[in-house]
Structure formats: C-alpha cells, structure tokens
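Just one chain is shown here, as structure tokens, and it is the form predicted alone.
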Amino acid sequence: MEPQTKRWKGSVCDSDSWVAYPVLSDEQSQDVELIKAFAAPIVNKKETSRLLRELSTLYPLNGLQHIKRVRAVREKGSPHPLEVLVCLVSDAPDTKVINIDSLLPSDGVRRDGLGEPFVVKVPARPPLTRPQFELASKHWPTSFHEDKQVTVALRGELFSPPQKARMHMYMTSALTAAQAGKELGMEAVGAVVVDPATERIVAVGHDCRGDHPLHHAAMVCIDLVAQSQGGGRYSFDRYPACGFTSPTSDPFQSAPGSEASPQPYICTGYDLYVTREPCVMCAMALVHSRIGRVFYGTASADGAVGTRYKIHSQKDLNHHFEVYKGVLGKQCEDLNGLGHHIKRERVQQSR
C-alpha cells in the first residue's frame, strides 16, 4: 500500500532558504532570573582563601552551586582587584543599617581584608544554554556545563547541507500529501514518517477528518506505521496519497533457521515531518508511539510542541523527543493561503 508519489507544485525553494531551529524546554528558553545578594570588596588579596572558607561556613549559599563566590573587578584603576559574595539579601540579618559589621557576627568571620557591602544581582538558576550563560555572566560569574549540540542548533547550524537536502525532500513529500488532502476537501496538512537509519520514508499521510474526527495527519501516519508492522486500526485506501512502505526483509536474517529481524515499537527512532505543528492529541500520540524527532514547518495557535505547550519536554512523561521548527516554513504557511492573506493585510494597512 505504498502512497502515490506526486511532485509538489508549490514554489520551488532550495534548502539554504530555511533554517531548522530547536524547540527547547521552558527551562532552556526562559529569561535569566536574578536574585539580590550582598557583595563586598576584598581589599587584601592575601585574605581571600580564609574569607572564602569562613564565608562558606557562615553563609553556604545553598542551591547556588553554579555561582562563583569571587569575581575579578573589571573596572580599570579600581582600588581592589576582587569582590566576594557575602550572602543573599534574604539571608542577611534583619537590621536597619547594613554594613560589614551587621552582616558578619563577631564570632563568625574576621572582617580583615573586607570592605563595605553593596547589593548585586546574581542568577538564581544554573544556565542551560549559551544565551542564558552569556546573560547570566553579565551579572556575576557563573559555571556552565554546555550542551554543544544545543548551542550549534540554536545557531541554526546543526544539520549539514546533505542532511538539509534530505529534510527538504521529506517535507516536500509532506507538502505534496497536504495538497492532495486539500484537493479532497480536507485540511491542508501533510505528514511523513522517516526511518533516519535507512533514510527511507515509512508512511505518508494527510488530514482525513472527513472520515473520522481524530484522523489528523500525524495520527494517520502513526496508524500507517503500525500497519507497516502488521498492526493498525483504520483503512485509508480511498486516499491515494496516504500509505506506507512495508519494511524490506534482511537477506541475512531470512536464511533458514535464522530469527526474523525485530520490529521497532511503532515509531521508535523515527522522524516525523509535518507541515503544521501537532496539537495536544497528536503530540501525546507521538509520545506513546516513541517518536524520535519531530520537524514541523509552521506553528499552530493550538500547537503542543512549541506554541501553546511543550509536551515533548514535560518532565513527568516517560518519553521525550526532539522538536525542530521552520523546515520549509514559508511553503507550509502558504498551504492555506496564509502567506497571501498576511501580504494582503500589509498592503491594505500601507494605504
């Protein structure tokens, strides 16, 4: 039941005209939260080690292990080369006058080598991405354990030109399916499931809600992948653009007495290319089917993997997958005439 292949008749666009950006978790994409702390100049560098040891005992800064206790003074000509974090403002003694004597009890830290305190803002959480790290470091030196793949992805440089060419081809197939569904009166949404290990398209589907209200393009593809593995629930025979490719048999595994190659669990390790961001139902189905990565072209107002929710990164779920947006974004946006509608509004506003 292989889908009929048709050439996408939309505008031609090379793979250099779009960039696939990662859709990160809220923790990775949120602004840097700052909290107030008291710092003080170290006027005698020889006292630094002792001050660090005694301040760490008195004010351990629990939960702020990412913060470096001492920073070098950046201003040229400063009378003191170093500054040290004394304590958080919330941990300081409740006194009307804040000075080094009120912050340090007489039997705690010797004040030798310390100047008068002042208020600074420090990052409340460890940075998870390079942009967060760069922002946090402008306030106070911070440790950073970099995920280099995320850093490269945020620059739009994760995928090589050959990889982008294949991604372009897969999303073009999804666009073709979307157009076929649109011509049958369905929503113009198409999807393709790909096995990245073999670079083979496993299933192609489009919106089929004329038959069933739950038959979104992604749901159709999941069922078709199940059919390719001997399962599945629905028939899409009346839609020529929807279909699956049966897995090819491995000649080494088909020898007499050998065991058959194990099938993956539905979409385990597979990629989904879909023209429009999946909704909550589809996103949860992708979690259940163990999809590996999702690439979508254009966002949706009710999108569940970037716009309204980020289901793929919910910590309490037992499976997570990567999400990238923007693959052939303009072509996907133009499927329903959205791009033309926006241009028309801009023309009207400019009059």
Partner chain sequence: MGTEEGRKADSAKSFYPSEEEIERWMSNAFDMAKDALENGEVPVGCLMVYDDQVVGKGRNEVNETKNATRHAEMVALDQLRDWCRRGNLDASSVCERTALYVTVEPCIMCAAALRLLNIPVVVYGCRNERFGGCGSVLDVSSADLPQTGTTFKCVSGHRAEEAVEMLKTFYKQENPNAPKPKTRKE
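This is a predicted model, so every value here is computed, not measured. Numbering follows the first chain given and starts at 1.
The protein also exists as the form predicted together with its partner chain; that form is not presented, and the subsequent description refers to it.
Across the proposed site, Ala226, Arg233 and Arg290 without exception bring a heavy atom within 4.5 Å of its partner chain in the model of the complex. Residues with any non-hydrogen atom within 4.5 angstroms of its partner chain in the model of the complex fall in just one of 155 to 163, 264 to 272, 120 to 128, 138 to 146: 264 to 272. A single residue from the set Val280, Ala72, Val89, Ala197 has any heavy atom within 4.5 angstroms of its partner chain in the model of the complex; that residue is Val280. Shown alone here, Ala285 lies within 4.5 Å of its partner chain in the model of the complex, counting heavy atoms only. For Leu317, a non-hydrogen atom is located within 4.5 Å of its partner chain in the model of the complex, even though that partner is not displayed. With a 4.5 Å cutoff on heavy atoms, Asp302 counts as touching its partner chain in the model of the complex. Its partner chain in the model of the complex is not approached by Asp237, whose heavy atoms all lie more than 4.5 angstroms from it.
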